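For reference, the chain that follows is the form predicted alone, supplied as structure tokens.
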């Protein structure tokens, strides 16, 4: 820094450095404010749902069917239907998603086919759920004569979930350290033995987490279920055995959507109680995925 009389000259480098520091601080403050605003918004929504829905939650509400034309009673059939949809989706998407991820990670290579498959799966992953619902309605419900049923709903949700599971499996496999693969090859393992005994066990936490989270998200989607599997109200006993696959099922997303669409038919307390139950349902699925991943990693560490 040089001074001539009363004038002080600041070198250009120092001025640029000061400006960068000021810009950095402003950006950090802005990003911090945005982060706090996002968290506050989410917590505010959760708090509002809890405040509105908690008075309706009780053991009777969760374990009894609706009564008096849906204006009283509980939501047990809806909880049961959501669980069945999630389990059916999990059974269907598990082998297809894992095998698809294995193929992309280990066998597709960098060919034109591989790039085409990646682009197609990425497009499907970004497709709105209502499009899958319309596809399920056209193909499974109408063309294949399944009708509005649990099976049609599970097949539709499996297609909706499949792209995310494939990408999750592929990324989990690619994250396995290269040293593990080289050690397996040094021991004389074949490509399939290497995949089955080395790669998949080490990628298992990521694969399980992706599958559980994806199926949990699918079970909370309203449009595909509404068009292929949902039923608003049914009288009589709930179907049991394999016959349930041919029958529509009540479920939480559809019940919640109809509760708002037919405002006044279902009491507001039941609607908010259903909303809170659905939120807790998805939260429990996420917690289960975290617990499973943690336990598998602990076993691998030992």
Partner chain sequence: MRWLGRLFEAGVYVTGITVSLVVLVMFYYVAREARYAFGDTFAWGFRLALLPADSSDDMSPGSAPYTTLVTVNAEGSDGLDEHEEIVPAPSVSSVEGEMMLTTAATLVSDITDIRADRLYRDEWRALKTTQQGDQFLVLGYATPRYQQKTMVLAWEPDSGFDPTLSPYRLVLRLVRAPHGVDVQPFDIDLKRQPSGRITLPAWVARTDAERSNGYVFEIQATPHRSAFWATLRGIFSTEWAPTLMYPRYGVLPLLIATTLMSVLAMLFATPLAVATALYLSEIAQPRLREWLKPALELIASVPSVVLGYFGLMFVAPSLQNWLGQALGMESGRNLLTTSVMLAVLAIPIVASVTEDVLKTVPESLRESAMALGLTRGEMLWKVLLPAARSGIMAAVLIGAARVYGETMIVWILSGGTASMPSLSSLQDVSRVLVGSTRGVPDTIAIEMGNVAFESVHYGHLFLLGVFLFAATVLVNLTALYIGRKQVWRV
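We call the rigid core whatever largest set of C-alpha positions still superposes within 1.5 Å between the two forms. None of the values given here were measured: they were computed from a predicted structure. Numbering follows the first chain given and starts at 1.
Beyond the structure shown, there is the form predicted in complex with its partner chain, which is absent from this document and is the topic of what follows.
Contact check for residue 111: no non-hydrogen atom falls within 4.5 Å of its partner chain in the predicted complex. Using a 4.5 angstroms limit between non-hydrogen atoms, residue 188 is distant from its partner chain in the predicted complex. The closest non-hydrogen atom of residue 227 lies within 4.5 Å of its partner chain in the predicted complex. Taking the partner from elsewhere, residue 177 is found to have every heavy atom lying beyond 4.5 Å of its partner chain in the predicted complex. If you take 217-232 and check each residue for a heavy atom within 4.5 Å of its partner chain in the predicted complex, you get 217, 220, 221, 222, 223, 226, 227, in sequence order. Core-superposed comparison between this form and the one not shown: the Cα of residue 40 travels less than 2 Å. Relative to the superposed core, residue 186 shifts its CA atom by less than 2 Å between this form and the one not shown.
For residue 143, the Cα coordinates differ by under 2 angstroms between this form and the one not shown after the core has been superposed.
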